[in-house]
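Same protein, same chain, two forms; see structure 1 and structure 2 below, as structure tokens.
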Structure 1
């Protein structure tokens, strides 16, 4: 039974043997870099070779015959010609779907709409072409964690140009996207927690249609993932007001690349994002301070009951029910932070009140458990004292029994 596959293999081998490939043979013997890298390339594994991209005759042994113009040899490929070369196969649905039925064939089409694609078409060689992002001669499947377009590696791939001030000088656009992004909640979620649902560069800019999201679509970019917040924001008075002023939505308050962990400091105090447009003594400024107060109040109450509950649990008291209730109260705090995006005090206050009520309840449960613990400890102490007293009494009694009759004083001396 076990031998069957081996027999089958022997039978198939001569048929499946790779066609002659003098390009790979000679270039490997020469130790040329492209040939040495090629074993890692997805195209090599799909049976393609040098000649499928560079042209020429792979059956000819002689260098000149193999790399002859007459056989379509094109030599080195100019940067601007790369997208069309790749598109020759990748935009051909018939060909691609033979290898991978679900494969997309719109990369080149999208690329042409991107800033990269438009500029390369007008002769600008400094923008990204297909191989700047995917590499060349060791092109990997995009799922491969070693691929330069894998979400964890992509920021560095883009940064090769976008963080290089000299490379970008003539365009006068910022070069801090990578640096900012690496400080963001998104990179922390992706890199530290392995949360692949957090955005890398292409999640916001698109894989092939890399354009900056325009002002009207910025809220939509964030809203793709933060649907709840997006829903509140789009119904708030800010949405039409920001649109009329030409201000970007979410990005006005959170930034784009360096989105930081939000807190109530964004509402009140000298880091308030509201202060961009509302003075502290305006009704809107006061509303912001009020919301911050409620969120801070709930946060403090939760910390307090957290501590009481932890103390109770660590001294062995049963508080699991209160702990569950406490989790709900924490969820209310998250909801209150989300509700800020309605920009109405009542939206936050309803949640804050129910959160405060729950926190008070769990705190009471914790305190009762601690009282119970103290009561038990006192009971235990009393019992212990009683036992000790009994033992001491017994010991005294025993000594009284065992002690030999007292000799008269002075007897036995001298």
Structure 2
């Protein structure tokens, strides 16, 4: 236990003053935007300062001494030199281990393999470098919602360049990727449901090693999330057919940036993607229509069963076991939709039949519960009527008992 004199000495010990930083002091006094932003920068919180990137002496009060070239002052960093400058620290495993042990230290190597890295190495100063994505003097951690590379903000960050028609004109690539992505099922999961694991630009293209997926690798890229679909597709008759045409299978049917929510309408009907290659009277076209019919039939059966079970549950009937079975049936519907990628009618048929049997079973359970409810209600009604009749009889009996006795006829005569 610390004695009082010793405890008093702890309060009398000098408090360590913050490290001197003439760069920040001077530029803050000048209300310089970089200095004002720097207070929010992750590097500032880790003890780094202007001089660590721009060179110079942060301890010098004199401007000439602080910005002395003898002290390594380099001033404004050329765009082409930014990636290598950032890599001076971020490629140093020993240094990074002190601050963020889990962070990769090969970002610069990856960047050099990317389209951006190759172009900047060839002298194209308009392509993205580190600060275009991460910001400059107010760099935040990726998990910070205000960071431009936070999952919710990353698509907009990429779109600053890739949706700018004037900026992208010389590269002759489309600029509607972000517009299409915002119509996709992936954007709905990310932005509307807040699922940070949903695919965004970096999920498919990479981040530091950003490169467009080639035709031969699109299925593998999609398969990172859709592993079962990739496995079915790789064994299907479509895989060699698309490969022979030099087409990317997933993109041919689903699109790339504007991936819509899949439905049976993709198999048959006005919006059928199968009709792009197969006529309605061809064996393949007929198979697509048959698979769509199976899926639609199972979906309708499940909706009917859902309605009956909800009605029974809202009436207070015990249908929890049937509802659990119904969840399994809904999972079978999902599996049937996935099985379409095998492009075999039997694969979908087996699952559809299993799901229909389960839907019929749960519907019967719900209907039986409703019959039991009606029987109980009828019994309750009969019981209530019996109670009311008994009460009425008791009331009449009480009335008869309470009624004064009548004198015998002629009792007052002589």
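Quick caveat: nothing in here was measured; it's all calculated off a predicted structure. Positions refer to the first chain, counted from 1. In this text, the rigid core denotes the largest set of C-alpha atoms whose superposition between the two forms falls within 1.5 Å.
As summarised for this chain, the first structure is the form predicted in complex with heme C, and the second is not.
Superposition of the core reveals a Cα shift of less than 2 Å for residue 339 between the two structures.
Superposed on the core, the two forms barely differ at residue 180: its CA moves less than 2 Å between the two structures. If you fit the rigid core between the two structures, you'll see the Cα of residue 50 move by less than 2 angstroms. We note a C-alpha movement of 2.8 Å at residue 327 between the two structures, with the rigid core held in register. Taking the core as reference, the C-alpha deviation of residue 315 between the two structures is 4.9 Å.
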